[in-house]
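Shown here is one chain on its own, the form predicted alone, set out as structure tokens.
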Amino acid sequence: MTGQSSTIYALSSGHDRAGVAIIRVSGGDADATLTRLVAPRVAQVVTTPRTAHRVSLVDPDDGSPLDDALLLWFPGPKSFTGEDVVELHVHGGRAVVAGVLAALGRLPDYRLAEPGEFTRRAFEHGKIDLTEAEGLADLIAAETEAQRRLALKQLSGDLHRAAEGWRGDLLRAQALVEAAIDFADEGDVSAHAVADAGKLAARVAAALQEALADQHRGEILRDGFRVVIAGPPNVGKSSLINAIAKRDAAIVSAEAGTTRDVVELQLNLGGLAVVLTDTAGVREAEGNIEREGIRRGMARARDAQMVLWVMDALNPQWNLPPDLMGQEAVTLRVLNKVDLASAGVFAGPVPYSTVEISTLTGVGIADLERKIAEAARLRTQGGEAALITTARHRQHIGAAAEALAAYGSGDKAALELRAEDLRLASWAIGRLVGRVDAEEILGEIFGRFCIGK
């Protein structure tokens, strides 16, 4: 991103027509908005911080009226970004918004903000850390109630506070070990310092292991409970995904092998995010393209939290393919086309617990949705209390845990090596919150934001 010498502006509310649109300005020259865009007769009264003032906005070049608006002034550092911030609450018509944005663009050293730049400036001014920025991005993107609650918890700083506590203990342990190195010739002092450092390191190591032992509930809650629809060709897998989606999300055809690649669908079932995936029919492939589609489908199924093995009620194939045997995912057998099955079609009891459905008539679809939602709730139970919500969190916490494991198992007489173990653990936690060496991940995190946030 461009350096902070310029003042940035952007529409921070939605781009559709609305009653009110919010335009945000941040930077060292934000007060130019007050002196150049506000009619002179009221400009002198709008400098009261955090107070809404009704103002007439005018063109900075010729003084022609732009809008009748509300203006709020947030002088730094007590603002979202830590810089001087102005918010203009204007009428939400597209012409009004375009006119005000064009007027701002004509002010010296003003430029349109890049995606996530307001939040990045808040991070760089110490208003939030990386985990809280991720929580804000997740809150904006949340589509389910569970995702909203999880994002709010992250934004409120739960992981931030835990990480700062871990890092503080690690820095103290590191200082103790380095003191032991400095006073190596004073045996009692050195021994006590190493012992105290060991207690601190053990406490942090236990906390990190507890955070890691969450069965990925937080990530599943955030990214979605993954459900893969698998089964032989022409049993109604694509029809099932369409029935659940209540729209034509996948191509349906009587021709075997129609589905060649995975088709994903994002759903909200019972307030939980569910990612439903349709896959190619499992059979002896007739070509390389179909074979690759089957391979990809089986790979998705092995990584899923739940597999729906769909069968034709007229010719049920109960046995799973070898690729799906023994996996940890919940497997639910689904018997489709029950509307076509005559009485006595089954020669004996059903060997597995099944859900009987008809994608044609809709019979059993609601029951299947309830079972998926129930499995998702069971799998993510306690996910909202999990500290880890992204792969990035897990990577850095795992790196810190590995460094502390090396500290715990290493030769305590090799104090320089143990100090390095503690330094690596502290460095990993610093990377988690963005305190050290975070530049290469900033673009990825803040690029998820829309312009104006």
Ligand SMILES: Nc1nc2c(ncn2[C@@H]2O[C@H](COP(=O)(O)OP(=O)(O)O)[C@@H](O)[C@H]2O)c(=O)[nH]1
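As the structure is a computational prediction, the values presented were derived from the model and not from experiment. All residue numbers refer to positions in the sequence shown, first residue = 1.
Not pictured, yet referred to below: the form predicted together with the ligand.
Looking in the predicted bound form, is the ligand within 4.5 angstroms of a heavy atom from every one of Asn234, Lys337 and Thr359?
Every residue of the candidate spot has a heavy atom within 4.5 Å of the ligand in the predicted bound form.
At 4.5 Å between heavy atoms, only one of the stretches 210-218, 126-134, 172-180, 225-233 reaches the ligand in the predicted bound form; which one is it?
Stretch 225-233 is the one.
Go through Gln147, Ser239, Thr380, Thr119 and name the one with a heavy atom inside 4.5 Å of the ligand in the predicted bound form.
Looking at Gln147, Ser239, Thr380, Thr119 one by one, just Ser239 meets the 4.5 Å heavy-atom criterion.
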